[in-house]
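We begin with a single chain expressed as structure tokens, specifically the form predicted alone.
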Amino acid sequence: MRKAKGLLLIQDGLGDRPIYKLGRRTPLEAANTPNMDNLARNAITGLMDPLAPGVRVGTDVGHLALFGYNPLRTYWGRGPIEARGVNIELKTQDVALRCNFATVDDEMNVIDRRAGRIREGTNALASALSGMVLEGDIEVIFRLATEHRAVLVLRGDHLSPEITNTDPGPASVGEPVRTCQPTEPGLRLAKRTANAINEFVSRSHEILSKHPVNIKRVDEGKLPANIVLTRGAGSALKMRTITERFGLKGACVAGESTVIGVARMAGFDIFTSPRFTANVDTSLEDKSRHALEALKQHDLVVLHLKGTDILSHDNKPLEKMHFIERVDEMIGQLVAKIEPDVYIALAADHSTPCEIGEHTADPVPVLIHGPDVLVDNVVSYGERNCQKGGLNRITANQFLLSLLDLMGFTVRYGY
């Protein structure tokens, strides 16, 4: 069977709901997107549920599904994915957690879970925490991830990921930092691990509150990153790579540690750069250039953009619309330089409606453009238009399989 190349562009948190000030349109529907629309007119389109209708997912689960995994069988917590994203090789008994630098008041109430989306000085803050030894000879490995995010790995004997979060969550800002506990009573190893987490969080507050980076931030009227909040505990799990399963060579162009972690687990080569900020100021030109370069030596290239999700969480629909228009310009430049026999797919890992400010279960618009796809009657790329498309409503796994089948990389089931 003949083989072809493919480019999958993921706009994180792209899906949205109608917004009054955009004329009851979504940011994608309101945006001027001639290049996405041109792809849609010559593509097969549809709506995609990352996992299943009505199921909300995180960025980690959404990307696991888009990279071909079944998260119901392979998901083991956000922490191990984040650890892979920052190049920490986990040992069997390690427990990894996703973390945020955050701001708390004197009563340990959470003021801002992202410390004002801190970006400067975070390497120095992370270095101040890594290497500490907790009670019971538990070693701390702490490494900066993307912007306000970080990764904590506990290394020692008799540890368990069966513990709760200290992060109270986005709906609980103003409430106290949670005490880490075993997920069920009587879990001895989990109790030991929870105690270690509580010690780490307490010591992080003591160290960070006095750190020169935060003293300077307070003097400048900025929120200090004076504590670390933890969530998503998990341990390493061996699993087969997608590149091995389908016999393809994959590459991922991204600047966000979660996506990089999933891509590494899937066997993809990573193309990244300091100019990939995982925010709206990321260099779209550099990402486009890396994607074109990766296509020369790889079968499937995944190009990830985070800005749409950032603006959604901050309830900035106009800015989201304008960022989508910038992405559309990048797509136009990409299409002009890509060989006509390359399949181009557009997708998102989940919906993040601006006025909700959080991930929802709304399906996302998708399309696959290529030399021999069965083109449907959809004429523009958007949530409402794509629900009329030939792909109908499918899951992320089904969407990826559809793309790989067109590329010639799937295996026939039965004889």
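Numbering starts at 1 and runs along the sequence shown. Just so it is clear, the structure is predicted and the values come from calculations on it, not from any experiment.
Although not depicted, the form predicted in complex with another copy of the chain is the subject of the following passage.
S.K.: Should Asp376 be counted as a contact of another copy of the chain in the predicted bound form, where contact means heavy atoms within 4.5 Å?
M.R.: The answer is yes: Asp376 has a heavy atom within 4.5 Å of another copy of the chain.
S.K.: Please determine whether Leu406 contacts another copy of the chain in the predicted bound form, using a 4.5 Å cut-off between heavy atoms.
M.R.: Residue-level check for Leu406: yes, a contact with another copy of the chain.
S.K.: How about Tyr343: is it within 4.5 Å of another copy of the chain in the predicted bound form, going by heavy atoms?
M.R.: Tyr343: yes, in contact with another copy of the chain in the predicted bound form.
S.K.: Closest heavy atom of Ile10 to another copy of the chain in the predicted bound form, within 4.5 Å or not?
M.R.: So Ile10 does not count as contacting another copy of the chain.
S.K.: Would you check whether another copy of the chain, in the predicted bound form, lies within 4.5 angstroms of a non-hydrogen atom from each of Gly234, Lys238 and Ile270?
M.R.: Per the other structure, none of Gly234, Lys238 and Ile270 touch another copy of the chain.
S.K.: Quick one: name the residues from 34 to 61 with any non-hydrogen atom within 4.5 angstroms of another copy of the chain in the predicted bound form.
M.R.: Result: Ile44 alone.
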